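As a starting point, one isolated chain is supplied in C-alpha cells, in the form predicted alone.
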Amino acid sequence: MQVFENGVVEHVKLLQAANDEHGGVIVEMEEPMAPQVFATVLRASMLHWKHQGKRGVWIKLPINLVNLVETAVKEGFWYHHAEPNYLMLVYWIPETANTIPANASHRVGVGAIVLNDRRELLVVREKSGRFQAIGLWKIPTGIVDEGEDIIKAAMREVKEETAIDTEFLEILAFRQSHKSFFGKSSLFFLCMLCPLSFDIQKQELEIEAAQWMPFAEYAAQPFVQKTQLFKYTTELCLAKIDKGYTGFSPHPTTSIFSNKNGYLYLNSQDFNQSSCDV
C-alpha cells in the first residue's frame, strides 16, 4: 500500500483483518507496535477498507496493547465493550445510519424454587446485602455465567449455596427490569427444581444460614407479604403444587449458525395436547 506523507511515498503493511458476516472486518491485534507506527498503519488500512466498501471495522486490543487505545480513539474509533483481557473498539465507515449493534444490554439471573415432599422450601439467609439487613429467608439466586445454560445455572447455584443436588423441572416465570447493574437491564428466571438430596451444608463465604422451611412460614414473612414480586413467587408455587400450573420445560435444540447445543423452553403439557389434537 502506498501513502503520501510529507511528500514522501511510503510502503505500509496493512493490518491483518478477517471479514465478518455483515460487510465489515475484524482486526485482532497481537504484536506490540509503537503508537506512531500504529497510527500510520491504521490510516492506510482504513483507506484500503473504505475503497473495498467495507462497513464496520472492529479492533480487538488485548490488555497488553492498551498503549494503542488513545491512537485508535484519535482516528475516530470508539469503545464498544470490554472484557477482563481485552477492549473492543469499533468504527463505522459509510456515510449512512450506523447499524453496528450495541453492546450486550442484559445480564441473566436465576432463582431456584426447591420443594420437598413435606411442602418445605429450601431457603437461605445471606451474609451481606439488603436482604441480610432485614433477616429475610429467600430462595437461592445467582447470575448465569458466560456460556452457561439456565438449567445448569439454577442447579449450580443451589449446589453452591446449600450442597443440595437437584433436577431441573421448568421455568415458572421470568421478569425483565432495567437500569439495575451498571445501567444494564436484567432478565431473571424463576426456576422449579426437584431435590435429589436433603442434607444441607451451607456455603461459608456468602450464606449465613440455610434450611428447609415450611412453605407457609416462608410466605408469611412480612417482606414477602408486602413485596409484589415475592407475592407472585409464592402464588406461583401454590399454583404449581395445588392447581397443576405448567411452566416452560427445556427441550434440546441445535443452533443453525454455530451448531452448538441449547434449549427451547416451552409449555410441554399444552404443546403435547395440541400436537395430539392435530
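No experiment lies behind these values; they were computed from the predicted model shown. One rule holds for the numbers: they count along the sequence shown, beginning at 1.
Missing here is the form predicted in complex with a further copy of the same chain; even so, the following discussion is about that form.
Engineer: Using a 4.5 Å heavy atom cut-off, state whether G23 contacts a further copy of the same chain in the predicted complex.
Structural biologist: Looking in the predicted complex, residue contacts with a further copy of the same chain do not include G23, since no heavy atom lies within 4.5 Å.
Engineer: According to a 4.5 angstroms non-hydrogen atom cut-off, is A18 in contact with a further copy of the same chain in the predicted complex?
Structural biologist: Contact check for A18: no, nothing within 4.5 Å of a further copy of the same chain in the predicted complex.
Engineer: Does any part of H178 reach within 4.5 Å of a further copy of the same chain in the predicted complex? Heavy atoms only, please.
Structural biologist: It does: once a further copy of the same chain is placed as it appears in the predicted complex, H178 has a heavy atom within 4.5 Å of it.
Engineer: Mark E95 yes when one of its heavy atoms lies within 4.5 Å of a heavy atom of a further copy of the same chain in the predicted complex, and no otherwise.
Structural biologist: The answer is no: E95 has no heavy atom within 4.5 Å of a further copy of the same chain.
Engineer: Under a 4.5 angstroms heavy atom criterion, identify the one residue in F38, F248, W49, F215 near a further copy of the same chain in the predicted complex.
Structural biologist: Of the candidates F38, F248, W49, F215, F248 is the one lying within 4.5 Å of a further copy of the same chain in the predicted complex.
Engineer: Among the candidate residues A34, V69, A220, A209, which is the single one with a non-hydrogen atom no more than 4.5 Å from a further copy of the same chain in the predicted complex?
Structural biologist: Only one listed residue qualifies here, and that residue is V69.
Engineer: Just one of 193-201, 155-163, 83-91, 113-121 has heavy atoms within 4.5 Å of a further copy of the same chain in the predicted complex; which?
Structural biologist: The contacting stretch is 83-91.
Engineer: Pick out the residues of 209-240 whose heavy atoms come within 4.5 Å of a further copy of the same chain in the predicted complex.
Structural biologist: Heavy-atom contacts within 4.5 Å come from F223, T227, Q228, L229, F230, Y232, E235, L236, A239.
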